[in-house]
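A single chain comes next, written as structure tokens; it is the form predicted on its own.
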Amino acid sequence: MDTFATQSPLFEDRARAVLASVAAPDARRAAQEFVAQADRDAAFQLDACVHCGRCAEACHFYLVTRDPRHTPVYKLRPMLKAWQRERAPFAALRRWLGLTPPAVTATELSEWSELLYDTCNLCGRCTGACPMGIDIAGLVRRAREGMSVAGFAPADHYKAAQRALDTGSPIGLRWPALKRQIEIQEKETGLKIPVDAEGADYLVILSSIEIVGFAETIGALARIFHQAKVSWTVPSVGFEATNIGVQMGSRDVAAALLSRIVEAALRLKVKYVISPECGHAYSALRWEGPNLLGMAYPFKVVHIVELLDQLVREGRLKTRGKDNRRLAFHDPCQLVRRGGVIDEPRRLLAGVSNNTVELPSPGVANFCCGGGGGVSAIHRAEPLRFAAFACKQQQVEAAGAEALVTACANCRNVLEEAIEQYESTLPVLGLTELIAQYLEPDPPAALP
């Protein structure tokens, strides 16, 4: 803990220095970072594509536009060109002979900014479809490192990153706003929500979308943990789960934001950190965090869905009654496809529903909501995002679902916006809140 406390300010300093250094877009700096990101494994994958087109048929942006530029692997061309020019076998000789691609230009990268950010959710559906096993989504994530450090990321992302560093939240949300929501939920539930309780087993962090748009999730957690007798707390500092650094492709910003959560967990001496209903926050904290921070966590990271499923299986969480609507689960990409949490949400949903249905191509093959990977934060991307929702709409109609249930607040928000755009009234429900709605009532207090 002492070592991390010494190192933590360095993450902040590096992140601020990176953002401060981004001035005019610099194609050469982008190319240098592309090459730096192309380590042995990445380079092998970049060179392994057989141009079969399978990834295109897996991408909803391509399916709704049929624009060949939206083919997932095509988005990696600037990174591939930089690698071929600078580091591929015999690159120096080939460059001397004039056989390498030309250097990437600022004009080219400005065009590619929309392809790498607006038309990619980092959902990984293309990765699953690739017969060569190329992690296209992972390579796009690496390519974004080059774009962001050189000034080619969307302006919306740079602004959100600066807000996150300055206030703790990409939308500028501070502790007083969360404190007010906690007070409201305490009044509605009649339960005390612990804040900064040192020695609690579980640390609950939240995404800005949950706090602003779905604050009832906080009350749902209070009711669930009350019944299951879970020792938990919310931190007043380091409560924000959203990580714009991962979305924009800045490992320095990502590390700085992750360090705040780790600091809160160490300060409060918890055993577990609960990732909220937010897909990319889960992947950032659980999978990328230890590598970005260069440390093994002294606590475990668990998604709220994993914990709820555990509590039900242990008999600590009991429900009564069931929803009679045809409920379908929308699989958050980072949680299900790239995180492997597939069966848990389905078991939970079956416990409170009499009529669950699966969308076509469920689980790891499901379509993204359209807003993942930071796309929902890019204003210019809205028209294409709404167009891509057609794939999800077709799934819903084919299943005859009367409501969607999901375990990601960003998915929920994006789905609601798209459903409204399509002039539909399909409800979108949060899984945690649905479980809380059907909790078995507390037994009546014994008479004195």
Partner chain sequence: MTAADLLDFARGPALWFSLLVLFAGSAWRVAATFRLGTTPDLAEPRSTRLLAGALRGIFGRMITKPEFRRGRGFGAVNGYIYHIGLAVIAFGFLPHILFVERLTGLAWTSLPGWVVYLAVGPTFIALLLALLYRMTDPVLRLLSGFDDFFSWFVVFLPLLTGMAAIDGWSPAAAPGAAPIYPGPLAIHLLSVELLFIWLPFGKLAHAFLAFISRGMTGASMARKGAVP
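No experiment lies behind these values; they were computed from the predicted model shown. Residue numbers count along the first chain shown, from 1.
Absent from the display: the form predicted together with the partner chain. The rest refers to it.
The candidate spot formed by A215, H226 and S275 is out of contact with the partner chain in the predicted bound form: none of the three has a heavy atom within 4.5 Å. Residues placing heavy atoms within 4.5 Å of the partner chain in the predicted bound form fall in a single listed stretch, namely 125-133, out of 125-133, 164-172, 370-378, 246-254. Using a 4.5 angstroms threshold between heavy atoms, A48 counts as touching the partner chain in the predicted bound form. Within this chain, W83 lines the site of the partner chain in the predicted bound form, having a heavy atom no more than 4.5 Å away. When contacts are judged by a 4.5 Å heavy atom cut-off, A38 counts as touching the partner chain in the predicted bound form. Although the partner is absent from this view, W287 contacts the partner chain in the predicted bound form, with a non-hydrogen atom inside 4.5 angstroms. Note on contacts: among I342, A103, L191, A350, the single residue with a heavy atom within 4.5 Å of the partner chain in the predicted bound form is I342.
Checked against the partner chain in the predicted bound form, the residues R325, R77, R95, R346 give one hit for a heavy atom within 4.5 Å, which is R77.
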